[in-house]
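In structure tokens, one chain follows: the form predicted on its own.
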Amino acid sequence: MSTLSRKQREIQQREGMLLDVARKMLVEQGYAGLSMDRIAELTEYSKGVIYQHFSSKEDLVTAMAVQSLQRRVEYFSRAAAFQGRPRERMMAIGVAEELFVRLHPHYFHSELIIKMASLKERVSSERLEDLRKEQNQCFGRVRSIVQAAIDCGDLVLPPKLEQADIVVGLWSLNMGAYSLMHTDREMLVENGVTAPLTGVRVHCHALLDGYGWKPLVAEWDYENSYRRILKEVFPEECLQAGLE
């Protein structure tokens, strides 16, 4: 049961609505086109009310990043709890990201724009702390699975690599691929890449095989693992994405 007062819930709901309007504007018009004046006009709130929630445009954009990360953390937490070998759980993280991108394209698209903007100036220290916390939550979910694989003997870290390096490698592969899908989809199609989401899974398995992370693809039915993850962890999201 919520411990928030009615007024606090109303403020929270209003902030969520303001973020939705701002995110749509950001995706459609870019960072330069995001305007506090225009948000006030569209929502029929005064600029004073807008600034009660966000101290600046940069603070607003950072709040969007925090909201997006919070949703990703929720997906990642469910994925990390999947009942399976550590590599299957890492695969579940990949499925979580795939579903996040499929079902919340505005969130992902806004993240790409936000990453290109300098956020730290004129952002409240509290908002920056929220951002750091959610980023570490995401990173930590993935890193804990790497550690679980090491602990059970499924993974021996390659020379000169640490846990965090494995996380960064996987993260870079996924974010790079999904960024291309959003910004250069026509280029991918023109070059014969017709199933990029499937390709991401294939490349992740190739990377993990390269690390020697057991079981290798030749030793395990990962297609069955993928179906189990969709059914057991993300049944509703699976239906929404048309993957039933």
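Remember, predicted model here, so these are calculated numbers, not experimental data. From 1 onward, residues are counted along the sequence shown. Definition used throughout: the rigid core is the maximal C-alpha set that superposes within 1.5 Å between two forms.
Keep in mind that the form predicted together with the DNA is not shown, yet the notes after this line are about it.
- Contact annotation: D37 falls within 4.5 Å of the DNA in the model of the complex, judged by heavy atom distances.
- Looking at R132, you'd find every heavy atom of it more than 4.5 angstroms from the DNA in the model of the complex.
- Using a 4.5 angstroms limit between non-hydrogen atoms, K57 touches the DNA in the model of the complex.
- The DNA in the model of the complex is not approached by T194, whose heavy atoms all lie more than 4.5 angstroms from it.
- Across the options 41-49, 195-203, 61-69, 179-187, residues that bring heavy atoms within 4.5 Å of the DNA in the model of the complex belong to 41-49.
- The putative spot formed by V101, H106 and H109 is not touched by the DNA in the model of the complex; no residue has a non-hydrogen atom within 4.5 angstroms of it.
- The rigid-core alignment places the CA of E236 less than 2 Å apart between the shown form and the other one.
- Put the two forms on the same core and the Cα of E223 is off by less than 2 Å between the shown form and the other one.
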